[in-house]
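Just one chain is shown here, as structure tokens, and it is the form predicted alone.
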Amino acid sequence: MARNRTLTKADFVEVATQYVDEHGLNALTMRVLGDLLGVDATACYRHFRSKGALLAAMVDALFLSILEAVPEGGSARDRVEAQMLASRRAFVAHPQLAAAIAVSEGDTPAALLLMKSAVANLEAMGLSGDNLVLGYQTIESYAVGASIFDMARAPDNMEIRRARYRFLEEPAFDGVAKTVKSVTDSTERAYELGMRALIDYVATLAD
């Protein structure tokens, strides 16, 4: 990055995310990030007290991109579905950050805004009290948990899944296991099928 202006916190987050997408979380260090930006590692610590705090900022930027990708309008159910699909697309685009959600630390204001938006949509669907909590936990666990599982070992995750399908020696899986793309497409269709089934269930929790 050309040093023709003062680097901002967002610059560090952007470059760190790009590096992690390509090399993985374990490869990222403050020294590496400083080298990428043409500054000493101490410059990183002026913005982030630790790598964990940097990861939190990266995760928060991911959640902000999810918020910005959700269109306005439609029914509350439409908005819940749109949030879950936007989350999935963000996790697929940045699989390493999907795993970082579980280990990041510090403030994540965009994540909080996304949570509040999801809760407001569920309330608009008629959920309240314990059922509101259960409904939120259900969609959060699926949207995040399924994506972390599916994206584990990226970029080789779908090749690994393809190999498992071939080992099954089950004719129903032969077509899907032909290519990585067919496994990927099937996995995404399965995510959307499960997502809609979960939203259907959550809707039954309305008062």
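As the structure is a computational prediction, the values presented were derived from the model and not from experiment. Sequential numbering from 1, following the sequence displayed. Just so we're on the same page, rigid core means the largest C-alpha set that superposes within 1.5 Å between forms.
The form predicted together with the DNA is left out here; the points below concern that form.
- Against the DNA in the predicted bound form, the set Lys178, Ser182 and Ser186 makes no contact: no member has a heavy atom within 4.5 Å.
- Just one listed stretch, out of 135 to 143, 65 to 73, 43 to 51, 161 to 169, contacts the DNA in the predicted bound form at the 4.5 Å heavy atom level, and that stretch is 43 to 51.
- Using a 4.5 angstroms limit between non-hydrogen atoms, Met30 touches the DNA in the predicted bound form.
- The DNA in the predicted bound form comes within 4.5 Å of a heavy atom belonging to Leu7.
- The DNA is not shown here, and in the predicted bound form it never comes within 4.5 Å of any heavy atom of Ala154.
- For Val39, a non-hydrogen atom is located within 4.5 Å of the DNA in the predicted bound form, even though that partner is not displayed.
- Counting a residue when any of its non-hydrogen atoms is within 4.5 Å of the DNA in the predicted bound form, there are no hits in 133 to 154.
- Once you line up the core between this form and the one not shown, the Cα of Val15 stays within less than 2 Å of where it was.
- Superposition of the core reveals a Cα shift of 2 Å or more for Asn26 between this form and the one not shown.
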